[in-house]
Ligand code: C2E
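A lone chain, given as C-alpha cells: the form predicted alone.
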C-alpha cells in the first residue's frame, strides 16, 4: 500500500492505539511463559504484577481509543469540509456565470479559466491556458496592465474598467475585481471580469449628450415633475450666459420665474399651461436678465416619459431672439411711426381711432379728432432750411405729446400737419380745454438754429359720434374745420359744423370744375388800363384772370384764385395767363398800337418754381414779344419770406429785360428794409390806402410817403383802385405817376380794351 493510502486508512491516532494493543498482547504472552517457570509464591506475586501491567495497558489503550474516536470524528468533519470546499470552488469559479480566471503574477500566464470565460471570450480552455493576460489586452494598454500587476503586488487595489479583446477581435469593456492567492504553490491573481460594454456605451452616450448640452449655444433647462412645484433640476452654461443668472440661482425654481413681473403674458401662460397639461408647446416670452435688461427668448418645451408612459421631466430648449425681436419691433415702429418725430403715422393713427370708436360705442362717450396745420411753416422752412424746419417739427411733436393723456394719440400725417385723437371724452367742454392747452403750448417760443421762433397753428375739430361715426369722415370733417380756422387768420380753432361741410362740398366741386376749366377754354383775360397822370393817356394794362363757368356764369376771382393757390392749379393757370397776355400784347403791336406794357401777376407758387426764368424766356421767344413790354407783378409777402432767394430771381428777370412791379406795397411789415435791394421798376399802392386819402389823414400820409419813397429810389408810383375825382386830385398833388381804377375804366375783354386804347380817350379832370 502506498504511503498515501496508509495515511488515509491509518491516521496517527489509530496507529498509536494499535501499537498499544500489540504491546499489551506481547506483555501477556511473555508473562504466561514466565509464570510457568516460577514457584507458587513467586507465581502469585508475578501474576499480580502482570495484572497491574495489564490494567495499565488497558487503561492506556482505552484512553487511546477515546482519542481515536475524537480523531475519527474530526477526520470525518474535515472530509465533509473538503467536499463542501470543493463544491464552493465549483460554484464560485467553475459554475460562476461571470468570466473568471487565475493567472501567474510573474509571467501573467493563465493558470485556470472557468467556462464563462471560455464562452464569453471565444477562446477554448487550452487556448486560454496557452496565453498570457497580455494577449487579451489591446497593444496600447499592455504597459498599463503591467503597472496594474505591479501595483497589486504592492498591496494597491488597481481594479477598474479595462479593455479586452475577444477572439473575434471585438473590443469589450470589462470591470475587473482581483484577489491575490497561492495557486499550486505559485503567486497568482484570481480575477472576476464583468462585461460592462453596454453600460459604458450608454454612459458614453450620456456624456456625449451632456457635453453637447453644455456646448450648445441654445439654453437648455430640465424640469422635474416628480418634485413639488415642478422645479428646474438642470440648466446649461448657455442659459447662464444668456440670462446672467448662475445655475444655483435657477435650480429649484419654476419656469414661470423667467417672466418676472409680467407673468400674465400670453407666451408664458402657454408654456406654463403646457407643463400642467403634459404636452409640448412653443412660444416667445419676454423676460429680463439678472441685470434688468430685456431678454426675449423662444421657448420649445417637450415632455419626457418613463417606460410606462408617465411624464417624468420636461426639457426646455431656449433660444435668445432679443436681437430679432428688436429688429421686428424696429420694423413695426418704422411701419407705424413717423421717422422724423417718432409719433404715430397715418396707418397707426387710423387703427387707434378705429379702436377708440369701438370702446366709445360701448361706453357712450365722445371722441375728438383735432387736425392741426402750422401757420406760415413754409416761410420758416424756406428761410431757415429744411434741416432746421425738421427740428421745429420735432419740437412741435414733443410739445403736442405733453398736452394729451396716455390713452390719447398724437400723429403726424405729413408735412406740417398733425392730428390728435382724444379718446373717451366725457364732455365737449373738455375738448375745448385740451385744444386751448395745445394752442398755448405751441405759442411758447421755440429755439431753432439759435433763433427764438414763435408759431401758431390752425386747428379743426370733429367729434364722434355727432359729426360722423366713420373714421375717415371724422378726419375729413376736422380738415374742413381746420380750413375755416385758417380762413379766420390762423392761431385759432374751429369745431366742425354741417354748414362747413356743405361749403367744403361746394369748394370740392369748384376745384373739379377749375381743373376742367383750363382744358375747356373757360378761362379768359380782362385788361384794366393804366393811365399816365400827366398826359392822361393809356400807357399799359394789367391782365386780370376771369372764369366764365358754363352753368354758374362769371365766377369772381376771389372765389377761385385762392382755391387755385391751395391746390397748386395756380402754376399751370399762371403759365396760361402769361402766354395768353404775351400773345395779346404781340397782336396789339401787329395792329399798329403803340407798345403798351402788359402787367401779369405772378403767384407765390409760380415765383418759387425753379424753372420760372426758363418759362418766361421761352414764352417771350415763342410769342416774339419784346421783354420790356412785359411787366411781372410780385406781392410784398412773396419776396420778404425769403429775401435772398427773391432778390436772386428778380435780378435774373431784370437781365432778361422784363419790368418788375411790387404789388400791394405797404400791406407788409418789412418791405422798407429790403426794398433798396430789390430791382423793381414800380411800386403799386394798395387800394385800401387809396380809398381813404380824401377823408383820412393817416391814409393820406401813407400814400404820400409811399410816393415819396418810390421817387427817391427812382421808381414809378402806381395807385390802384382809384374811383373818385377827389382821389385823383390828391394823387396829382402828390405827383403820383400812374393810376388804375374804375375812375377811368373797369377791366375789359381784350377786344374792348383794344378799342379803348385806340379811341384816343384821355383821363380828364
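Positions refer to the first chain, counted from 1. Predicted model only: the values in this text are computed from it and were never measured.
There is another form of this protein, the form predicted in complex with the named molecule, and it is not shown here; the text below is about that form.
- You can rule out all but one of 405 to 413, 360 to 368, 557 to 565, 166 to 174: in the predicted bound form, only 557 to 565 has residues with a heavy atom within 4.5 Å of the named molecule.
- With a 4.5 Å cutoff on heavy atoms, residue 606 counts as touching the named molecule in the predicted bound form.
- A residue is said to contact a partner when one of its heavy atoms sits within 4.5 Å of a partner heavy atom; residue 721 meets this definition for the named molecule in the predicted bound form.
- The closest heavy atom approach of residue 438 to the named molecule in the predicted bound form falls outside 4.5 Å.
- Put simply, residue 543 is close to the named molecule in the predicted bound form: some heavy atom of it is within 4.5 Å.
- Note on the partner interface in the predicted bound form: the residue among 631, 338, 189, 663 having a heavy atom within 4.5 angstroms of the named molecule is 663.
- Scanning 178, 528, 649, 218 against the named molecule in the predicted bound form with a 4.5 Å heavy atom cut-off leaves one residue, 528.
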